[in-house]
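First, one chain by itself: the form predicted on its own, in structure tokens.
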Amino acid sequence: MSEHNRNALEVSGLSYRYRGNWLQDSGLILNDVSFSVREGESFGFLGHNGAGKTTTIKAILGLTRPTTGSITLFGRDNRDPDVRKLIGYVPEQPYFYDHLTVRETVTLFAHLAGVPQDQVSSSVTTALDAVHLLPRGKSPLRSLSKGLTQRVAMAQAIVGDPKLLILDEPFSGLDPLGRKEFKDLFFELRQREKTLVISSHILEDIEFLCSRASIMVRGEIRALLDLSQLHDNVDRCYEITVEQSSGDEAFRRLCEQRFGGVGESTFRCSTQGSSCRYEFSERSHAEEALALALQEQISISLYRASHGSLEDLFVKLVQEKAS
């Protein structure tokens, strides 16, 4: 993918204070939120429930007016009607007219997106094909499952060939096949240098699909991450996996006695099927435990050093803010 100097999206100093009525201030929902997304980038937008992600997305789309701050899309104010034509959006809970068919629904959105009249039919066919809905073109929306409705939501988002796609929980309701097909579609869109902003609770998908990500906690951006260097932001873990046997329980008690009280979260043990997994945050403790296992002739199936995941960092940041 070619490098771009221009930002597709820039959010600067965004704050939003919700008021229940003109006398009552219900609190600060967003607090000085700032981040940018480069053209052609796939960007993960993460946060716990109630963190302010959807409010931020609504502000970007012009559906909510922020209290302070500015938002630009491709260098232009997001309130400019022309620049909004460059955006495709999949909401967290898509809703469509029940009595329209799949093709009629996507055709409606093609007109709303400004697709030229002589290109509407072919654009709708292309969009439906991309989400594997061509055979369901004549099906009424009321007959579709949640997963198929999610495919319609994606089709309406891409039918106008937007430069920027904002996807709020795009995998919601999809079965494993649908998730794979959406991932393939996202990679294809990136190859076409589309910009993707993906909000998802499935952190493994963000790690897989995105080059950078932000983590929002209680209305504030707590981290902006280059996911290719994620290991620089999370703790290293040393893992020993042993097969359960008659001597395993004694080894577990020995580890708990020797390492369980040494520092916070220094030692953890979990059972996985016929195996027991021991995790150590200190290399010296892991090596000492390994020597003990060998001494006790415990069957060792795995010893490795690994970095924590995006999920580990996410949980850490949320818990720090809550404490």
Partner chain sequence: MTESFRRVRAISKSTFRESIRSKVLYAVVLFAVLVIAVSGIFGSVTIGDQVRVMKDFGLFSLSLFSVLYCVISGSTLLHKELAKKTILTILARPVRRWEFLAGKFFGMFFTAVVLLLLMATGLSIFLYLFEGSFDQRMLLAYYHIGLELLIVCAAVIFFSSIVVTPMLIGLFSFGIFLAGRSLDLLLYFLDEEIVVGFGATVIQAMYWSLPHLNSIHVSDALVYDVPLSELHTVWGTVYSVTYSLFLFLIAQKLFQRREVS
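Nothing here was measured: the structure is a model prediction, and the numbers come from that model. Positions refer to the first chain, counted from 1.
One more form of this protein should be noted, the form predicted together with the partner chain, which is absent from this view; the next part is about it.
The candidate spot formed by 85, 100 and 157 lies fully in contact with the partner chain in the predicted complex, as each residue has a heavy atom within 4.5 Å of it. Just one of 285, 277, 58, 258 comes within 4.5 Å of the partner chain in the predicted complex, counting any heavy atom, and that one is 58. For the residues 181, 207, 104, 169, the 4.5 Å heavy atom test against the partner chain in the predicted complex is passed only by 104. The stretch in contact with the partner chain in the predicted complex, judged by heavy atoms within 4.5 Å, is 107 to 115, chosen from 107 to 115, 193 to 201, 172 to 180, 214 to 222. Under a 4.5 angstroms non-hydrogen atom cutoff, the partner chain in the predicted complex has residue 64 among its neighbouring residues. Within this chain, residue 96 lines the site of the partner chain in the predicted complex, having a heavy atom no more than 4.5 Å away. A residue is said to contact a partner when one of its heavy atoms sits within 4.5 Å of a partner heavy atom; residue 19 meets this definition for the partner chain in the predicted complex. Proximity of residue 91 to the partner chain in the predicted complex: non-hydrogen atoms within 4.5 Å are present.
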